[in-house]
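Given as structure tokens, the chain that follows is alone and in the form predicted on its own.
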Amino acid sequence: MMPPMTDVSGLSIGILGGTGDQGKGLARRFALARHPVLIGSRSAGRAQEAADSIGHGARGAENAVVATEADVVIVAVPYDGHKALLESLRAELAGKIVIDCVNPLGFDKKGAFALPVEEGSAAQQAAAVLPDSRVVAAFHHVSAVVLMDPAVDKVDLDVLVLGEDREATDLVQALAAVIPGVRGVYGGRLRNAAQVEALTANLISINRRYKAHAGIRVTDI
């Protein structure tokens, strides 16, 4: 199956929580693909430090600045700060495609487990908080270690993309495909995001058992 024929060249990508491992890894790969990348943080200084560590033209700024300036915004913050941050940026994110890759997980001595979310999933929570944004769920299962590894030229991964807006999900599938080796696969509407987010706990268990950085591939498409 060919990826959607959507032109994403030149789109600027903002990453809220871009100083964390997953956000920084995605920022690095999009910067390598020659997209303008803006890393967001509560601290502009920390954001710029993360941007400097990535290079390739990445810039850092406070979250509100990134939300305002970027064409597409990825939410990669810890789940416990997810709702409050999005509530604070509702105006800045209005009208934009917002990609939520947050996994609501808890950890105890038995390992990772999915947390209940009142709205059903982090992506549905984002959609509820951001009624004027086009929320898409994607990039839940990417390994930060793989994204940051300079020895990995191609990332062996399918990114499941979920949303209500076909134009928005097509664009996010095309954005996923700018990372060499990655394919964006439509995975349904946002009501199906909970099991995608929760599957991350299974992948963490796999990675611990097999000392790997496992991803997901979908067959026969």
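Model, not experiment: these values are computed from the prediction. Heads up: residue numbers just count along the shown sequence, starting at 1.
The form predicted together with a small molecule exists for this protein as well; it is not shown, and the discussion that follows is about that form.
Report yes if all three of A123, E167 and Y186 come within 4.5 Å of the small molecule in the predicted bound form by some heavy atom, otherwise no. No.
Determine whether any heavy atom of S143 comes within 4.5 Å of a heavy atom of the small molecule in the predicted bound form, and answer yes or no. Yes, S143 is a contact residue.
Contact label in the predicted bound form: S41 to the small molecule, heavy atom within 4.5 Å: S41: yes, in contact with the small molecule in the predicted bound form.
Would G81 show up as a contact with the small molecule in the predicted bound form if we use heavy atoms at 4.5 Å? Yes.
Against the small molecule in the predicted bound form, would R46 count as a contact residue? Criterion: heavy atoms within 4.5 Å. Close contact exists here: in the predicted bound form, R46 approaches the small molecule to within 4.5 Å, heavy atoms only.
Choose one stretch from 124-132, 72-80, 109-117, 89-97: the one whose residues place a heavy atom within 4.5 angstroms of the small molecule in the predicted bound form. Flagged stretch: 72-80.
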